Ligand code: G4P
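Here you get one chain, nothing else, as structure tokens; it is the form predicted alone.
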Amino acid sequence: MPETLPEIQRRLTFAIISHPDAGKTTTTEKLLLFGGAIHIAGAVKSNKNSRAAVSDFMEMEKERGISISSSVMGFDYGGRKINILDTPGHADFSEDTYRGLSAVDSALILIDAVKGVEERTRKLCEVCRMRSTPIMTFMNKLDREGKDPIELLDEVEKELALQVRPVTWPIGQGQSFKGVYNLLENQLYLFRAGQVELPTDIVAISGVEDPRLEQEVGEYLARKLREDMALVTSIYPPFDLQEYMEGLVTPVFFGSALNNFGVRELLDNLVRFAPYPQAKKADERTVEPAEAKFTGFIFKIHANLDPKHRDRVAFLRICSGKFERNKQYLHVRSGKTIRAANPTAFMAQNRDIIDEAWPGDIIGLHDTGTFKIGDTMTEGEELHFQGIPSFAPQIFRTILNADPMKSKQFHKGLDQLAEEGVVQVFTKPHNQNVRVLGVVGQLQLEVLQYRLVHEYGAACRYEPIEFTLCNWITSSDARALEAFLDRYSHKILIDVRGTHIFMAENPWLLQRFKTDNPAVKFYPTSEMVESRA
């Protein structure tokens, strides 16, 4: 298919990940501003009168000023079609972020320059490193007094196990912050605090020894920049594109997203360096994006994306070939063919119907309950893409319908939100009516309650259970597994795939059961079970 390759090389699909409050949603919005996708910027605030960010469309997100659900935004810039996946920063929504990382080809990590590397950043970076995902780093909030830039680079190398390569460097910090110097271009980018329009004050200089430096930033900051550059160029090798593509080094940019400092340089370098769609591994084989036949997988499902229409949308990452509207494709799990009459492209909650899409694109498919997370669509080949696991929950609750008159709404809402990945729902082997929820954090339970009420008109209540962790279990010895399930039936649950889960009260007891039952294999993620099935 000769038209495929140019379209693939235009695509840039990346995720923005960070610790909560590092400025992720604000940075996303400013990337859209510089990319021309929006024309006015407004910071996320938690009070109801403020303008919410484009990417936070759920009411609960607007009220709390945090991202709870991944959202997708697409726009054209610098000759490339850019797809940004804005992921939840809050630890309670780790699974949504991990699944999102399976659908992108690179990542942008934000670090709060005041606080440095934080816990969520470490964990998310680990997931990226497991997949050798290329990572860019943006040191945000340089308009505040924070850690020394060299100290921040040291933290990244130590805490994230990534070698750093500074591409821009801050001129001043806090109240004296004047902008950034681009090492690759020998240019100064000078900005004004609070600026909401696109800044245009760019000064080309012939290196940091250029006397124009004093004219632009003052004698003290010019001297400081020269000292910093002498240190930086002696410590860090020049940026190497291949090392970045292999996930070995991270180019580092400095700025303040809230004040538009450094964001354009970040976007320009993403367009310049970030990879186009890469090969994706399936259980059966590796799928190359330039293959003629279409393949793709569902990594997210969202109900009520538009509350007015009570719709349900499956997010499909295209891996190879060309996706065409109204063409019949194989839904591998069911073995049935499906025709997408109204596939959509995303700009946060806004959607436009499209006729075609290419590898790297993320599109929305109208879903009446057909799709589940991890489903594959192809032109006939049986493929199962990897990397979309469920993780062992840490909090468990029995969920009960609080209003018997709304039983239908309660069950529909719970089923749809579970398929979305808001929570994991388990059943007991001998009592399918008892439903047990598993979540990573308490906030997930609050989100479930909130969305049941506001989107389905149903109410629920929770009852605690004594277990605090679980593992997926399997065995090559069918008799040993059956005997184990019978003996510990009060500790067994079943997930939506029909796989058995073993519950334990604490890590010590879990380890004891592993030791006492060597024929049974215990796994902390569902993906590990499936890969060994």
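The numbering used is simple: start at 1 and walk along the sequence shown. Keep in mind that this is a model prediction, so the values were computed, not measured.
The following text describes the form predicted in complex with the named molecule, which does not appear among the structures shown.
- For the chain shown alone, residue 171 is not a contact residue for the named molecule in the model of the complex, no non-hydrogen atom being within 4.5 angstroms.
- Taking the partner from the other structure, the named molecule in the model of the complex has a heavy atom within 4.5 Å of a heavy atom of residue 20.
- Though the partner is left out of this view, residue 444 does not reach within 4.5 Å of the named molecule in the model of the complex, counting heavy atoms only.
- Contact check for residue 101: no non-hydrogen atom falls within 4.5 Å of the named molecule in the model of the complex.
- Annotated contact segment (heavy atom within 4.5 Å of the named molecule in the model of the complex): 142-150, selected among 142-150, 116-124, 430-438, 376-384.
- The contact residue chosen from 109, 422, 85, 257 relative to the named molecule in the model of the complex is 257, the criterion being a non-hydrogen atom within 4.5 angstroms.
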